[in-house]
Structure formats: structure tokens, C-alpha cells
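Okay, so here's just one chain, in C-alpha cells, the form predicted on its own.
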Amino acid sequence: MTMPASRVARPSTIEEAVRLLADNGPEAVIIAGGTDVVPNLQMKLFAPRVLVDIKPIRVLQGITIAAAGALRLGALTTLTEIVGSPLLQASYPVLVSAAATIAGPLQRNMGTLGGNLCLETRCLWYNQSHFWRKALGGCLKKDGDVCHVAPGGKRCWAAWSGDSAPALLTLDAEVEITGPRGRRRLPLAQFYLNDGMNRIALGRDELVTSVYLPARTAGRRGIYHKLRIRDSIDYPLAGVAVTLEVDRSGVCREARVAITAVNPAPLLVKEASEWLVGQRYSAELVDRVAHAAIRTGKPLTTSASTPVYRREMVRLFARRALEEAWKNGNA
């Protein structure tokens, strides 16, 4: 499969990149590591006139300490850097746990944190070759007017299938976005719109520049569990991230549970914080939170795996991750 013809622009500053995006509008697509964008271009899921290669922008790279002890991760920080960072391993282990499951070593060497947070949503009917989609007549997300997952509606149910986002949600991360009107920061939970087509709160003339991890979530126990067909390369069919802050007496002081790949957005399980804080470990309590994760997740026929199986695995992973984090500390 060949890529569509396009011009590659390589800005050296954020301001230059923003200008290129503003000048070219929907005809421009950002490319960094290219591990998601290039296969999508080969499948003719979009055909931009300009590829804005942001890799030369050095200020978007690296992990640094920011104001108030927060940790800043540049959008171009590679997934390999995240997995290998002693600082992240010690202070934010859930992110390391999640990043280590993304694709394989070669893809993690190229793939970036910003790119992983801005992935295209995925669906059995959408992520196919142009020839395959044309034979089907397209879908609501591309070249058609029917969602084959839910034919009676007008909403796209393509699933969010990233691994770093649920981990970052459990850390109360914020994302920094830069555009023609300057910079803005918003909680990562507000970045995702739970819509298979209009998936993220990012304008055509904006780009993600940084992710911030607050100092207050440093040191939380954390673990990520992922369902996929193979132990490498594959996107998640379901994923659960858990962070806990447990005092010396075994009482939970803070808790977050987030899920991925079973909704059009990564989502926090709201009941987890309400039910776990102030409590000691019990199998009954963990099972109750695991069932809340099932109610939050709504897997449909967006992948080769059945919705029933994916729903059951969300429950299992939520229970297992909570048990491991509570009993064993950082996994």
C-alpha cells in the first residue's frame, strides 16, 4: 500500500508549526514518530496535502521538573524514554507499566507520548484498506453514512485504543495545547470527547506540546493490565489502569481506576474514588469496583473480539490490578 502524495514541512519551532497548521487547515496532518499516522496514510484513511513533521522541534523533547514540583513530559518524548526513566519508574510507575505494553520495542523507539495521546479511534469497519472499505460502501467515519457497529444510529462508536491515556488519567495529568491564540492547559479527562469521529479537543491549528504530572500524585502505587491478541505489537482490546495511595495501616487515601479500548474515549471509573478512599482492602470491595468498571465500559463490535469477552476482561483486570496495587505496592 502506497502513501498519498504530499509535501513534508519540517518546522523548527512551535510557532512555525502552528502557522503551517493554520495556513493549511484540514489539508495538514501532524507527524512525529509516524507509527500511527503512516499506516493510516497507507490505508488511505486520509490524504493530506501537507505533512507537518514536528520532530525537529527540540523544546518538545524530554522529561523535566516544572513549577510546584510537577513533572513535564514533552510531546516528543519517546515511549522508550518513558519506559526507561528512573524518575518515572520510582514516582509514576503506572505510566511506565502502560508504556511498556505499547506495540513492540521498534515502535516504542519511534512512537511519542503526544502521538499516543492523539491516536485515531479504531474500528473493525474503519481500519481496513481502501479496497476493503470501498467494497463495503464505507462507514460513518469514512466515505459512508452508516455506523456498522450500531446501524440504527448516527453516532460513531470507533473505540479509543491507546495505552498511555488511562494511566495518565489515574495520575490527574494535564495536557498543554498550543495554537494561534497561545497556550492552554486542561485536565486530560477533558481532552477526550467520547466520540469516535470528533475524538479529542484539539483544533486543526493546534498541537499538543506537553503533558504535566502533578507532584501530589507522585509515589502512588500503579499497574496497567492489557488484553490483546499477541503479547506484542497489537492495540488493546481492553485495558485497565489503577493507582492507589495506601497508608502504613493499609487504609486507601487516594484511588483512581481508568479503562481504555471499550469506549470512544478512555474513561475514569468514577465510583472507584468514592468507594475506596478511607477503606481497607476486602475482596468484596474490590469486586464491587470491578463491576463498576463493567458499567463504565461499553464494548461493542469494534474489534475481532466479542463484546462479552472484553467486558469480562475489564472486570478481571480491574480486580487483579486493585489486588496487586493494594497488597504488593508498586508492581
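No experiment lies behind these values; they were computed from the predicted model shown. When you see a residue number, it is the position in the sequence shown, counting from 1.
What follows is about the form predicted in complex with a small molecule, which we do not show.
S.K.: Name the stretch: of 167-175, 136-144, 243-251, 198-206, exactly one has residues whose heavy atoms fall within 4.5 Å of the small molecule in the model of the complex.
M.R.: Result for this chain: 198-206.
S.K.: Between the options Ile259, Ile82, Ala255, Ala75, which residue brings a heavy atom to within 4.5 Å of the small molecule in the model of the complex?
M.R.: When the small molecule is considered in the model of the complex, the option within 4.5 Å is Ala75.
S.K.: Among Val37, Leu268, Ala265, Ala290, which has at least one heavy atom within 4.5 Å of the small molecule in the model of the complex?
M.R.: Of the candidates Val37, Leu268, Ala265, Ala290, Val37 is the one lying within 4.5 Å of the small molecule in the model of the complex.
S.K.: With a 4.5 Å heavy atom cut-off, would you call Ala272 a contact of the small molecule in the model of the complex?
M.R.: Taking the distances in the model of the complex, the answer for Ala272 is no, it never comes within 4.5 Å of the small molecule.
S.K.: With the partner left out of view, is Leu119 within 4.5 angstroms of the small molecule in the model of the complex by any non-hydrogen atom?
M.R.: It does: once the small molecule is placed as it appears in the model of the complex, Leu119 has a heavy atom within 4.5 Å of it.
S.K.: Contact with the small molecule in the model of the complex for Lys226, defined as at least one heavy atom pair within 4.5 Å: yes or no?
M.R.: Answer yes; at least one heavy atom of Lys226 falls within 4.5 Å of the small molecule in the model of the complex.
S.K.: Does the small molecule come within 4.5 Å of any heavy atom of Thr217 in the model of the complex?
M.R.: Heavy-atom contact with the small molecule at 4.5 Å: absent for Thr217.
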